[in-house]
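What follows is one chain in structure tokens, specifically the form predicted on its own.
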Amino acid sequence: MPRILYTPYDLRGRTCRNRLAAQAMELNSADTGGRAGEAVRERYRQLACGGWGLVFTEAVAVSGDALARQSGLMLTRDTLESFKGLVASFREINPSAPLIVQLNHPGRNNCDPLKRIKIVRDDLDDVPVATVTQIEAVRGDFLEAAALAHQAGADGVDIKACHGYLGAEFLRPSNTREDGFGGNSEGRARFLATIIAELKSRFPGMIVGSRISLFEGIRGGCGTPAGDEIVEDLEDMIGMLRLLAAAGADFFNVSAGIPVMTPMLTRPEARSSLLLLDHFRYAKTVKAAFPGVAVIGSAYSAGRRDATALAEENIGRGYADLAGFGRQSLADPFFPQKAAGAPESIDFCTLCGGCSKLLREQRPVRCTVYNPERRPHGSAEDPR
């Protein structure tokens, strides 16, 4: 049995009883109005039973103008009671694991074409560029949604800045806005940094951080040195994260790529599984730069049967604090419990891409290989 993986980790006063994190995996299964209904609650009940040390919700829209999926979750005053129910049903089974709500605005990836916005003008599409008034409104939506997540009983929020969504667009060297929300490092970090700083001031006990794509694999994207560069150079992004850390960020959930543009960089497949080594390097780079900030690594699902050994090695060497699993948490929500005591019973993700295909088609998302409803719930007891 892995040893380091089942040691506790203190995340700003909350104890993760092991180093395994269930990462955000969108279900596209919300009830009317973005409410967290029974299908969504069942997903998180299973994760609660599975014994994960840390659990992130799927991406949650911060307003009715911010849905990336037709049946995505949305956190507003109208949906607050449903989120209270989600948190309560999770806590009833597992009262100890920190539960973090991932908040998102899709920007140009909005499922409603009339509500799409982007940060800078380009030739890729005719989506309008956001005005300062719009940006301030969206910033307010994030603050309001975070306050509602706090009311719902969540331990913290993840301000999503990865995978090509609005938060990531601000951080890119290609963001040349001249109105205080782009240009130099401080301008590009302003949107995220001011949200983080204000939340840490208003809610001192709240865990606040961000999932980021350290390298996007596009010209002028995150992880390049300038707006006209495409070769990876992480110095600029480390500078961005330095400003977010100074604002009070408690964690960085390190990812890469943009699923609709550089999908194998985000989600290594069977034929490209060695790209998980890039993810390990990205997490190691961030951890070395920010030893006092919790770092959650990604892409461990691509390790399949070697995943726990790889996570054990990386955490043992100080390259990350926790190991994040997305697709694997869909394939087998009871993975941590099984890895501790019955690894032969684990349903390993096959990296088939079936869940991603369902998401692209705006259909309810599930593992297309295994049927978790046929498995009895496990126990939330510490699996050590």
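In case it trips you up, residue 1 is the first one in the sequence shown, and so on. None of the values given here were measured: they were computed from a predicted structure.
Just so it is clear, the following notes concern the form predicted together with a small molecule, a form of the same protein that is not shown.
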query: Selected contact from 267, 287, 190, 172, since only one has a non-hydrogen atom within 4.5 angstroms of the small molecule in the model of the complex; finding: 267
query: The small molecule: the contacting residue among 48, 67, 40, 355 in the model of the complex [heavy atom, 4.5 Å]; finding: 355
query: Touches the small molecule in the model of the complex: residue 237 (any heavy atom, 4.5 Å); finding: no
query: Contact flag, residue 53 vs the small molecule in the model of the complex, heavy atom cut 4.5 Å; finding: no
query: Distance check, residue 109 to the small molecule in the model of the complex, heavy atom within 4.5 Å; finding: no
query: Partner contact for residue 16 in the model of the complex: the small molecule, 4.5 angstroms, heavy atom; finding: no
query: Location of the small molecule contact in the model of the complex, chosen stretch of 88 to 96, 148 to 156, 216 to 224, 295 to 303 [non-hydrogen atom, 4.5 Å]; finding: 295 to 303
